[in-house]
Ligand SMILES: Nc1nc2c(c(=O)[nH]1)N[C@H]1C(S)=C(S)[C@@H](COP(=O)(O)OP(=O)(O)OC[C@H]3O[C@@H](n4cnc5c(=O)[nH]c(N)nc54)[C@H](O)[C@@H]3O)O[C@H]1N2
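Shown below, as structure tokens, is a lone chain in the form predicted on its own; questions about how it binds or moves come after it.
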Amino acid sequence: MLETIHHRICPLCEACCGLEIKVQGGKVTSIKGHAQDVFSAGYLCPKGVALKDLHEDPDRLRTPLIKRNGTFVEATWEEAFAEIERRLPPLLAAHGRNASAVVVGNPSAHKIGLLSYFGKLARALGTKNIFSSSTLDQMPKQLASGLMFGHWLSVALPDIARTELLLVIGANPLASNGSMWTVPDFKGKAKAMQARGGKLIVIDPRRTETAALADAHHFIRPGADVYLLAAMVQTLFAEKLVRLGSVAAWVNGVEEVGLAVAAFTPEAVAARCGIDAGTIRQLARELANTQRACVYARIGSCTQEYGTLASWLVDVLNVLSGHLDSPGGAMFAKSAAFASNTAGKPGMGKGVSTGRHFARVSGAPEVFGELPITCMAEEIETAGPGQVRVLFTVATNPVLSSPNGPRLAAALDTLDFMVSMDIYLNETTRHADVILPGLSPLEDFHYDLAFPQLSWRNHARYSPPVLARTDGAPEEWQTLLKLAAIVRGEGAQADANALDDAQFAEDAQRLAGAQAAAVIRATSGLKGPQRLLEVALRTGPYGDMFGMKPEGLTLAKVMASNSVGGIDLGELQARIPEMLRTPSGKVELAPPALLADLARPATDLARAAPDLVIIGRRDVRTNNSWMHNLPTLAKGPFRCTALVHPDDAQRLKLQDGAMAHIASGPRSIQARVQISTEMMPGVVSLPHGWGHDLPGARLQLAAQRPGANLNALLDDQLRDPLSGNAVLGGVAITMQAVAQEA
């Protein structure tokens, strides 16, 4: 039987590595890194190999499920859409559009159909209750970037190929291969940096895999990043080390920042950070005096009460040390398609705003069109006009991934109607009335929309489907259009392709005006996301402008490059001022909301640090809850352990391998102890996404070693007030041994 070779972008984490997949008789026979891939050059982590397990997982849903008398039964797609049409419109008519909500998870970022068409369902619903995983891990970085540079995805990235000093705070790119920074084979790139004389410094409350590789590692108390960063900024001003470099003419607010951080001296913050004042000053001096240097921080700095301030101060440091938009410093990718900072008039724009509406119960402001996901339970529970009665979930499992999951699970049971698009019957979708299965990644074509805007090197890559779709299964974008049609009252029989044609014609008229007909003709034969991608590529910064630049990119050219690993568009280049989209056309170093929020950490500096706090952690094999159901990733040592420093274990009478009771306020869990010198004394680490012991879920392998749900311990009322991001780290806990049975 003939063996065929296929090339696919891995959809399982932000690294987006290129894969070479061999197929024989409709079965995957091998997966390895694609050596010719222009972006990842053959690198592969265990997750890529697990795509075979995911596709073949007997627990993965292939047909829709409808809940009848409390039990899920298989149904046809027609029956599922008919059930939704029967139950949904009367509820919207009776209670209004804001009685509905929709929540989307991070797998959608790796599915072009979900990411490009999810908004069509949200707009059809017309609700303000939009939630996503962004407020669990990244909204502080997006908000800070938006306020400074004018767009939510204008994120400054380390130019690791040329840097001489990389300071990593609250991130573990050796495990993640980047987060809000797409950098496959971080380990190889970091070692190359060290080989050319460069230096890697890590600041983290755990001696992570990245810290083990580093030239220096400093423990820091969780939640103290804002103090360290502010003191480093203060040192630059105090020691007259401020140099703006190439962006000097394009920066507003330098003096205002200097005044705002004046009180955050290294001596003032040292005890709170757990880092002595001399070390803080030395870090600032080294950053300022290294020609090519960059500061990078991620999840640990975002998922805390000062997440937006910490994210902002990282970029403030990069600006004031002369390393913004400079080779080897913090630079901006130039995406081939879908990047707002390459569209429209260069160098100026509307900027970003927040608070266009507010959560009904808590009053939390909208950020980037979303409300905090930690508001979802109370919006369902609390009676009154606008109480959420209908919920759509798309590729998400917030019962495990967001704080106070037990409260959310109880709230989901009170909904009048719930529809889930998901490949699994998991801890969240078990509450649904209808589950519509998504496609296996191997059944779907793909082009990354977001990650080229966050990539260490510019590129364009396309993945055709590897295997045929399950019989009768629609494309995911078609499912979303059908749901939108039902919401609008157009019925379950609406033709998704016709709906898409009509929507595209409207969009073309709005965007292309007199040239709309020509654009429609030029894209004839394409549907859905492929058609959107064709337009985005051809009108993007490298595009052929529909024939005006014959050498430019088209969808056909990018598709043709699949076998040779895509199209390399070169290293990062200086982009200021053209990429700025602020109203002033300048980098806004001192956004008023951020300066005002510095009053919180200034006041809290006198607050005593808790004796014991908990943080999460990331493992290369388990960055999403459903990965615990894949044999390739689940095998090996049990990873859901509570890492405890030996001094804390002795003080608390904890035994290695034994169970411990962990409590925070009224919430508690039990987890297995692992004594480790990796941890800073006073800090415990437990990974997220576990807790596969809830009734009704169908994740058979994961249930064999369910682990403890860290998020069941966390308070859903704790969040960064600016971004709405949940506080997942630095939370005070108590811990005690669980008595062993005889």
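Not measured: the values here are computed from a predicted model. When you see a residue number, it is the position in the sequence shown, counting from 1.
Not on display, but discussed next: the form predicted together with the ligand.
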- request: Choose from 324-332, 390-398, 504-512, 375-383 the stretch whose residues reach within 4.5 Å of the ligand in the predicted complex, heavy atoms counted.
  value: 390-398
- prompt: With the ligand left out of view, which of S179, T342, Q234, N404 would have a heavy atom within 4.5 Å of it in the predicted complex?
  reply: S179
query: Out of T290, N172, N318, N458, which one falls within 4.5 Å of the ligand in the predicted complex, going by heavy atoms?
result: N172
query: Is there any non-hydrogen atom of V620 lying within 4.5 Å of the ligand in the predicted complex?
result: yes
query: Looking in the predicted complex, any heavy atom of N252 within 4.5 Å of the ligand?
result: no
The ligand contact at G543 in the predicted complex, heavy atom, 4.5 Å: no
field: Distance check, S145 to the ligand in the predicted complex, heavy atom within 4.5 Å
entry: no
- prompt: What residues of 407-435, in sequence order, lie within 4.5 Å of the ligand in the predicted complex by heavy atom?
  reply: M421, D422, I423, Y424, N426
